[in-house]
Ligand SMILES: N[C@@H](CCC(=O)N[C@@H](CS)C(=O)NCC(=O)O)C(=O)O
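Coming up is one lone chain in structure tokens, specifically the form predicted alone.
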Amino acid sequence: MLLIGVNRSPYTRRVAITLKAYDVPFEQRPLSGFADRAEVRASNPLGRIPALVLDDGETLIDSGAIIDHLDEIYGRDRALTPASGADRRAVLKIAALMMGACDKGLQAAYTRNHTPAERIHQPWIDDCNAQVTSALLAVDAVVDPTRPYLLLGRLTQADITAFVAERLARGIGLDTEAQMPRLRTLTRKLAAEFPFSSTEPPAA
């Protein structure tokens, strides 16, 4: 199995953490959706990461679709996204909030870093960052400091997506330590667990 993408991407790292949590052997080709777009397009015509090449040669794209496949094949009774019911809805809600926060954070960063200064519309960037903050605050409110994970007493996609979103938020300058202290405490604890520590990207 081959994972295509760099773990600086929250979407790729989400998949890498999930593979590690399920103890699935895989290789990784650290291609960037920006610097290596032509190579990435060989696996995903959109030129986006991640892509996951299965052992039979089939290629899956989009982190959500990849996670769904991994849950189906490897999750079974320990699926990181429960199969049905209120537990599934609760995990999916947090995952949607956190992936939406990643989308908005990256949009703001891309606009700031790749738009000529005279064309930058700061209110747009501010609005994106406000959406990131609002989503993270909503999840911070769910964190129970007496429990090891967000939901269900075990690791789920709620934790994984919260982890990658909080990491991205710090990367774009959000002070999560001050604004979302319970979430920051949770992600610091998760960072010490193998699926997270083993997928830490190299320092830029």
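Residues carry their position along the shown sequence, with the first being 1. Everything quoted here is computed from the prediction, not taken from an experiment.
The next section is about a form of this same protein that is not shown, the form predicted in complex with the ligand.
Asks: In the model of the complex, which of the listed residues (Asp36, Asp62, Asp140, Asp68) lies with a heavy atom within 4.5 Å of the ligand?
Replies: It is Asp62.
Asks: Since only the chain is shown here, I'm wondering whether Phe196 would be in contact with the ligand in the model of the complex (any heavy atom pair within 4.5 Å).
Replies: No, Phe196 sits far enough from the ligand in the model of the complex that none of its heavy atoms falls within 4.5 Å.
Asks: Residue-level question: is Leu106 within 4.5 Å of the ligand in the model of the complex, judged on heavy atoms?
Replies: Judged by the heavy-atom cut-off of 4.5 Å, Leu106 is in contact with the ligand in the model of the complex.
Asks: Taking the ligand as it sits in the model of the complex, is Arg167 near enough to touch it, meaning that at least one heavy atom pair lies within 4.5 angstroms?
Replies: Flag for Arg167 set to no.
Asks: Quick one: does Arg29 come within 4.5 Å of the ligand in the model of the complex, counting heavy atoms only?
Replies: Flag for Arg29 set to no.
Asks: Which single stretch, out of 154-162, 131-139, 169-177, 46-54, brings residue heavy atoms within 4.5 Å of the ligand in the model of the complex?
Replies: This holds for exactly one stretch, 46-54.
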